[in-house]
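One chain follows as structure tokens, the form predicted on its own.
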Amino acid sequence: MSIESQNVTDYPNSNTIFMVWNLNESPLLKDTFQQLCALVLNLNNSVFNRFPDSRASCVMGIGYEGWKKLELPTPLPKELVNFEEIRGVKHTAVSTPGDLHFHLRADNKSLIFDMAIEISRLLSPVAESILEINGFKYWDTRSILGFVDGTENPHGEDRDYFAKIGEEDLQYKGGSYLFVQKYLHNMDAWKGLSTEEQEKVIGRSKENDIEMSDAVKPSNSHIALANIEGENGEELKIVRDNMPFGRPSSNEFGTYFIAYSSTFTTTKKMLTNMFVGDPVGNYDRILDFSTAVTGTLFFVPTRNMLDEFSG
């Protein structure tokens, strides 16, 4: 049987709902999880058949503690652990709980709204919703900070290579590691910078999204520290699907950082560069304006595994 992954390599679209749930100690938990796995498969099949051009999908990830609560197969995926905070001299990538993560996306918000209703209806008796964020496409895929986001994303076959587990963990081949962070931005401080100063923080031009040359780009710019290489100098990538969100009346503006990868080691190295610095102390300047308030690692099973889990 061929391996069918969940839609981790879909490109970003106009509307997204992110949900994080913590499971309770309920006698109904395992039965409900079986129903949930069947529901996720059904939702994806249904929207594809009804609205084939909507680019709608529902991707479910399972955290380390959730995996244990549900008594799912052992050994676990090789790099599925509780994320440990990464503390730098000034900023910290915090660690927060989460048993299940849902990434709902579609061009038409009605589709993901209905998906969220069905998932919540099923989970509410056995779990607690601890985070729900409604993301949206901002202009030409820009973050709230005004710069194009996701320029360094891989394309084509590279998306599968960098996002999905391969031969290194055959039991979980086709699955993916999912890491998420909710960032809140200090927009007053950010807007206090000139465009030229903002560009030095990011490492790209604001209007045309052109990367600065290495001779000009500051060593603590976001681009300089978030782009990483392996031990042999090969470029390492993750598949980002970041989305902006906000509540203008409450002066809350943020970015939901979401990364799919074939190995969490790659994402962790990027986070260490950003928060600890390279060299140590030379942290990502964007963190002076962006605070991570969550940080959780999940594993995204294949569709085949969801089918098995559904009983």
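Start at 1 with the first residue shown and count on from there. Small disclaimer: the values here were computed from a predicted structure and weren't measured.
Another form exists, predicted in complex with a small molecule; not displayed. Remarks below refer to it.
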query: Partner-contacting position among 123, 148, 131, 100 - heavy atom within 4.5 Å of the small molecule in the predicted complex; finding: 148
query: In the predicted complex, the one of 62, 59, 56, 286 near the small molecule [non-hydrogen atom within 4.5 angstroms]; finding: 286
query: Contact test, all of 202, 238 and 242, partner the small molecule in the predicted complex, heavy atom 4.5 Å; finding: yes
query: Interface segment, criterion being heavy atoms within 4.5 Å of the small molecule in the predicted complex, picked from 26-34, 245-253, 266-274, 39-47; finding: 266-274
query: The small molecule contact in the predicted complex: residue 67, any heavy atom under 4.5 Å; finding: no
query: 4.5 angstroms heavy atom contact with the small molecule in the predicted complex for residue 296; finding: no
query: The small molecule contact at residue 16 in the predicted complex, heavy atom, 4.5 Å; finding: no
query: In the predicted complex, residue 107 touching the small molecule (heavy atom, 4.5 Å); finding: no
